[in-house]
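Listed next as structure tokens is one chain, alone, in the form predicted on its own.
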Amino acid sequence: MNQLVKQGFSPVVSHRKKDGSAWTVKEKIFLGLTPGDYFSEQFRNPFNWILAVIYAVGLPIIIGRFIYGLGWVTHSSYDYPWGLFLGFGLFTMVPLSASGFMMGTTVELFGRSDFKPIERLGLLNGLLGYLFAVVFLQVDLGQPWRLIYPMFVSLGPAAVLFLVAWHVATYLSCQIAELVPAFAEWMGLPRAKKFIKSIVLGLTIAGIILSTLHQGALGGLFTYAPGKIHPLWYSSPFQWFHFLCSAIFAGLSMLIVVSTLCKWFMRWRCDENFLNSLDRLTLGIAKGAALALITYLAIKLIAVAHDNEWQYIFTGWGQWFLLEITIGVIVPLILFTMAIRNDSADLARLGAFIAVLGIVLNRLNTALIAFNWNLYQDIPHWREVVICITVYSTYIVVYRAILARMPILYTWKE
């Protein structure tokens, strides 16, 4: 598409064509191209061929998981009940999606209209991250028709899982509503946009409450197994705060990563307002991420001191813990600080990429690697890895499809 735009092609950005006639829904879906031209462009994209190979291998294995059961695709057991589906799909996707409530809070509640060009991208990142966390959860649990049971049938109001289920479901509803204006602009539904705009402050406040509660509640899940997780990754009084605080810099860093990828690979869909303000916005987001990182680092050290676990620092697990802290926290913090000091958006982007890798490592350490640390380490089944790659590829496909059509990276011309 970048080549087509260079050749003079103009994708759909308004309801009217240059000749004054209206775009049909079909034409909007095909971005203003004929179906033949659109599919020819998709076939010329080498990334789509990689996706085709992934689906050719992954989809039959996903079907096999629901036919033959979870044991066919994982090594899950009573010792290791959480595999990659939850260790990566849920515990990692949720903090990386925290940009939704933070961008909504920044723009709608605190009135920082200068972050408006990137607000919808943050909201979309939050929505799809939570949605596919639920998809990973359903692949793990099976029986998706029983999704409503924890909330309406088998009630457990004293359980953390009951809290997480309700919070994720209601927060997903809030995020869908917050993106209705973008969909309404694209489809020409001004009344729907006007209605959401009239309640956007309430949606934002609800999003703040729900997000902060369930981000911490994910950490609270680990209090169910206090003797299984290595003490350096577990602290009963601080576990919820570790997850909440790390979600802040994880969500902001992921937003920087996603905006950078959009600038590189979907420049054709970015308008001048987005591109011209991106460096400034990246540095502004980096400031918030740096503050969250230094807070998280302080709380991690306070937790070790509070529980008097210094003796573990000098073991092999302690070296692994220090490696995680160094790569996932200290290095991004230094890069963000240097970026802000030197006004370098590229340094901030590098720090964001490393911070995202750091939070992935932290969640995998907590849920898998340092889980049952005094027994043995579970190695994920190859089918489990393939399913994770397939589901995450679907996340990328849906993400890209929405960005290409709805006014997220560009401003709709009424």
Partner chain sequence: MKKLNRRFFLKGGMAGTALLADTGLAKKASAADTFGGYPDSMGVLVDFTKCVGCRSCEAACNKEQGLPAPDKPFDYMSVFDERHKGQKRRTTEKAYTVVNRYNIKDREQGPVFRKFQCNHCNEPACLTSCFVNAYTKTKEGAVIYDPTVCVGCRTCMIACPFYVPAYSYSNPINPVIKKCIMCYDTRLKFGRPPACVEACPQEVMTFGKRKDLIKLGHNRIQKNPEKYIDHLYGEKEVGGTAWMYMSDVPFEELGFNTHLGEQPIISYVKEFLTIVPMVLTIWPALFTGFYLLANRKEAFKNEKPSGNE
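Predicted, not measured: the structure shown is a model, and the values here were computed from it. Numbering follows the first chain given and starts at 1.
One more form of this protein exists, namely the form predicted together with its partner chain; it is left out here, but the text below deals with it.
This chain is displayed without its partner chain, yet in the model of the complex the stretch 81-89 from 322-330, 81-89, 285-293, 272-280 comes within 4.5 Å of it by heavy atoms. Residue in contact with its partner chain in the model of the complex (any heavy atom within 4.5 Å), chosen from 257, 163, 135, 127: 163. This chain appears without its partner; in the model of the complex, the one residue of 192, 266, 313, 159 with a heavy atom within 4.5 Å of its partner chain is 159.
Though the partner is left out of this view, residue 234 does reach within 4.5 Å of its partner chain in the model of the complex, counting heavy atoms only. Proximity of residue 76 to its partner chain in the model of the complex falls within the 4.5 Å heavy atom cutoff. At a distance threshold of 4.5 angstroms between non-hydrogen atoms, residue 228 is in contact with its partner chain in the model of the complex. Among heavy atoms of residue 372, some come within 4.5 Å of its partner chain in the model of the complex. Looking at its partner chain in the model of the complex, residues 142, 205 and 208 each place a heavy atom within 4.5 Å of it. Contact annotation for 205-233: residues with any non-hydrogen atom within 4.5 angstroms of its partner chain in the model of the complex are 205, 208, 209, 210, 212, 213, 216, 217, 220, 221, 223, 224, 225, 226, 228, listed in sequence order.
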